[in-house]
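Form predicted on its own, single chain, as structure tokens, below.
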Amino acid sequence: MPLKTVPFGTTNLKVPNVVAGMMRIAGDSDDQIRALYAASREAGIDFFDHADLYGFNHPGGGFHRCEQRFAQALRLSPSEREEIALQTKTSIVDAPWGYDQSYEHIVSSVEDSLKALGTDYLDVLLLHRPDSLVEPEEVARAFDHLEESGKVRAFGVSNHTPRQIDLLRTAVSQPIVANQVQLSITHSTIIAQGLSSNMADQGDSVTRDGGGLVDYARINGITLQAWSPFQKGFQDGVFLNSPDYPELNAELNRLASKYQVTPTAIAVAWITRHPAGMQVVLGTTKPRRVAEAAAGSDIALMRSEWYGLIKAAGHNVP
């Protein structure tokens, strides 16, 4: 079934507002990966999110492990490859842990991703996390090479602040089409801090990440991609059915009954309802959960319902 689509950055492309994330497939069998892929396609998802890092900490794994498993299990024909969008990320390194956005690292990582994925181009490449030692001219040189050689069609970032994006744009000529950031109803500071502006006694009023990340994306035509859409906070487990959020789960259940979907779909709808036109990046490996989440793609929550959810999550709605 078709999903609701959103503009992809400043390109002329439309992309589904729910994305299949492949970060947890390193230990899955071919049959499990094929079932997850089939469920995603059946739900209308044709956009698959990877990273060179995914699978590195799995027994017998390493960098590019999830990309390899995806390609090995699916063995997509050229025509099937053309039907989907493949996005991957680079710039995290280990031993020792750190970040590298040098020309050499970006280009070599992309070459390894192309080999692992069994394809000759990436639809999207994201810089995974900010590199404090970044030299924008190096990034620009890498992006130019990858674009001119036809190996990458679009470029973006992940977990970057507005000012960090501005710094890259002093040298990078390609549009920054996406910024993948953590966002859920409970982990929603990038939205909640705008609600509590000019309220000195509220924690949500503190300006973080350079301020106005969501507004900046809307002004500059950057598509926000929400990762960990069901997480309480940073790697704290999910809020769905959590005893830590009884009021939120009661409201999720009420709305799920009203719209005849699951609470998972309502949690997705809270993000997709935002006029910024965000993409929700799923991390599940369960086909059933993919279908449940995709059902929230086009639910137009009422304003009162949207605000009721963020308030029930513990954020200030003055």
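Numbers follow the displayed sequence, beginning with 1. Worth saying up front: this structure is predicted, and the values here are computed from it rather than measured.
Below, we turn to the form predicted in complex with a small molecule, even though it does not appear here.
Do M23 and the small molecule come within 4.5 Å of each other in the predicted bound form, heavy atoms counted? Result yes; M23 sits at the interface with the small molecule in the predicted bound form.
For D49, is any heavy atom within 4.5 Å of the small molecule in the predicted bound form, or not? Although the small molecule is absent here, D49 would touch it in the predicted bound form, with heavy atoms inside 4.5 Å.
Contact label in the predicted bound form: S188 to the small molecule, heavy atom within 4.5 Å: Because no heavy atom of S188 falls inside 4.5 Å of the small molecule in the predicted bound form, the answer is no.
How about H274 - does it come within 4.5 Å of the small molecule in the predicted bound form, if we only consider non-hydrogen atoms? Result no; H274 lies far from the small molecule in the predicted bound form.
Triple contact flag S228, Q231 and K286 to the small molecule in the predicted bound form, non-hydrogen atom at 4.5 angstroms: So, yes: the whole triplet contacts the small molecule.
Just to confirm, with a 4.5 Å cut-off on non-hydrogen atoms, which of T223, S158, S113, Q193 contacts the small molecule in the predicted bound form? Selected residue: S158.
With the small molecule left out of view, which of V281, A267, L255, I45 would have a heavy atom within 4.5 Å of it in the predicted bound form? Looking at the other structure, the residue within range turns out to be V281.
Could you tell me which of 133-141, 234-242, 67-75, 103-111 sits within 4.5 Å of the small molecule in the predicted bound form, going by non-hydrogen atoms? The contacting stretch here is 234-242.
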